[in-house]
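One chain comes next, on its own, written out as structure tokens in the form predicted on its own.
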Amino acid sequence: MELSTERRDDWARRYRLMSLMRRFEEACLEGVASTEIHGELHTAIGQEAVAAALAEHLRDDDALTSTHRHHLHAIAKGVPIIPLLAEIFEKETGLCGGYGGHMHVFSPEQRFSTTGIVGASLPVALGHAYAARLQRRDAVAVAVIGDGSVNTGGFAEAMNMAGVLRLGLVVVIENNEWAISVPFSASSATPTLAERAPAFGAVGERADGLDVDEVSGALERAFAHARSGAGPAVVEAMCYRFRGHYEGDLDLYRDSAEKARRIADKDPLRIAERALSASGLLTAQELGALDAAAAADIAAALAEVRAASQPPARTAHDHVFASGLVPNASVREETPA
């Protein structure tokens, strides 16, 4: 990673954002441990460099669709931290009033949405890209997916239509080498996923997703291509998933010693720290201060979220049935013991 002294402030912002993302995921892990968060929580610890790079190129009028592992993408798109965390903690102050929870986050103001269905974010992003074309805007639609999603029919269908119509679709593949418990080497017929792009009239590029500078450069080229009206682009960012597929996954399909070695070698925050310290661009003390500031922000957000209330039980049918079609069933308010 080669660093330019002219970009000191840029690197400080980058590092702080990556630290903020890591601390956010750690706050979510606290919610799992305390049983404040229910269901399968999916974290993206180890994949912060990809999201931080995305934040540098997204405009307000761009759309971003994501997956079950979406927290960092929401932050990259500018979704406010406290309502985002509140939704994950199922609080009524959340983005969706606490009804969506961890896996179903939606923020129309930021043009951000998620889905728990593998590959299903692609057709949604395609719709955003088509709408931009009809409205004669150069806004880009971004679909962030995992390596497993590339083998779904939705990927081929969305990419083909985007290629035929030369739509401004950017597909960011976070290739963390595992589709739940299936290794990439056992599930892909091609050595890389980026090389599939030309089959759909798209450009494709593989980048080191642990090097925020390298993946940012790849994204810059992809966004420029898509905004120009030349058609879709694919960026395959190679990274590594530090934790199991979800919290509760025993992760027995990975060799524990190999996993520990990979985590030690492939932590994007530590990679950035070593490069910044070696270059003299930011000192260890400055990096520590940036991380401490990020930790303080997340701690304050977590305290505010924890003080909020969950949606009352009487609203359980809200947003489920059309007006007048609520079943004749009473929902009992329960008071915690």
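One-based numbering along the sequence shown. Since we're looking at a predicted model, the values are computed, not measured.
Not pictured, yet referred to below: the form predicted in complex with another copy of the chain.
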- request: Mind telling me which stretch in 256-264, 211-219, 168-176, 181-189 gets its heavy atoms within 4.5 Å of another copy of the chain in the predicted complex?
  value: 181-189
- prompt: Taking 4.5 angstroms as the cut-off for heavy atoms, does Arg196 touch another copy of the chain in the predicted complex?
  reply: yes
field: Residue contact check: Gly153 to another copy of the chain in the predicted complex, 4.5 Å heavy atom
entry: yes
task: Mark Glu157 yes when one of its heavy atoms lies within 4.5 Å of a heavy atom of another copy of the chain in the predicted complex, and no otherwise.
output: yes
- request: Using a 4.5 Å heavy atom cut-off, state whether Gly163 contacts another copy of the chain in the predicted complex.
  value: yes
